[in-house]
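Here you get one chain, nothing else, as structure tokens; it is the form predicted alone.
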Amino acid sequence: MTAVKLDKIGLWSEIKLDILRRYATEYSKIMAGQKTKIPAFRHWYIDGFAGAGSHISRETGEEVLGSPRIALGVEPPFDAYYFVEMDHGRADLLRGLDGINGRTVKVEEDDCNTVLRRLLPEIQYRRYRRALCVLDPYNLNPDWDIVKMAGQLGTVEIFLNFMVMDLKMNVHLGDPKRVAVSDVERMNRFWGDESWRDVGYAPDPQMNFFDEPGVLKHEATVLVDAYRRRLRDVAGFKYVPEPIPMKNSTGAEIYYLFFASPNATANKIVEDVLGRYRHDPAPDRVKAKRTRGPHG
């Protein structure tokens, strides 16, 4: 197996993983309960940017379960596990998780967007299939058509990272003419069209915190709010609670954690889970639960 150096993560990432663990557990209980009524009912776990399966805590130096291993530990189990990872070394580590807790995993060593364009159409309401899909990229990803497909199916719930740091550094500059063509194209794929320009830029001198005349911009959080509306109004998710900002050790916002669902019960559960961290998530007062896995 290829040697892979595990990523080091901060407390906010541990909090995100704790949110996922808590929600996935409740989600799987409810979905598994449907089988008593409909034996053909199946629920899947899909991790679009699965990583290596584990991380190292910056705070303690200990191993921290990544989202794939968290999902494999959820009881009752999901009926299928799909881990998508482009890096060969990390994909090898994920393959090594096959058989843990009696679970069978399917590892897709490919681009997340490519895999999900093939996989999501299989999660049909009429086929009694549902899925929890985790989209945890390092940059502005996934493509909007993937997110919209998930929303319109009415069978998929997603956790999605809106990478606001990537947005601020590479796309949302004071002068849009300075943005690289490749970054504009990335943002267009993420957003679905160029309407983000109308949201993100405005000729208002009070918003010109770059002190440059002419072309001005809004704060990036305006785009975060607009993306939330887009998940509801364009993608068709009925429930999109306010996302939680996730930060680095200096307090800078790295990304916003979104949840989107077609289901009212799911929304209530996730609001309860998010409520643990939404109003008082300061690292010196909130400690995410650290759980060692079968290889820890």
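Since the model is a prediction, treat every value here as computed from it, not as a measurement. The first residue of the shown sequence is 1; numbering continues from there.
The following text describes the form predicted together with a small molecule, which does not appear among the structures shown.
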Problem - in the predicted bound form, segment of 262-270, 31-39, 231-239, 60-68 with a heavy atom within 4.5 Å of the small molecule - result: 60-68
Problem - Interface residue in the predicted bound form among 176, 192, 73, 137, criterion: non-hydrogen atom within 4.5 angstroms of the small molecule - result: 137
Fill in the blank from the handout: Picking from 274, 17, 24, 11, the single residue whose non-hydrogen atoms come within 4.5 angstroms of the small molecule in the predicted bound form is 17
Exercise for the section: Flag residue 133 as yes or no: does it have a non-hydrogen atom within 4.5 angstroms of any non-hydrogen atom of the small molecule in the predicted bound form? Expected result: no
Exercise for the section: May I ask you to check whether residue 171 falls inside a 4.5 Å heavy atom distance of the small molecule in the predicted bound form? Expected result: no
Problem - the small molecule contact at residue 116 in the predicted bound form, heavy atom, 4.5 Å - result: no
Handout entry: Touches the small molecule in the predicted bound form: residue 105 (any heavy atom, 4.5 Å)
Key = no
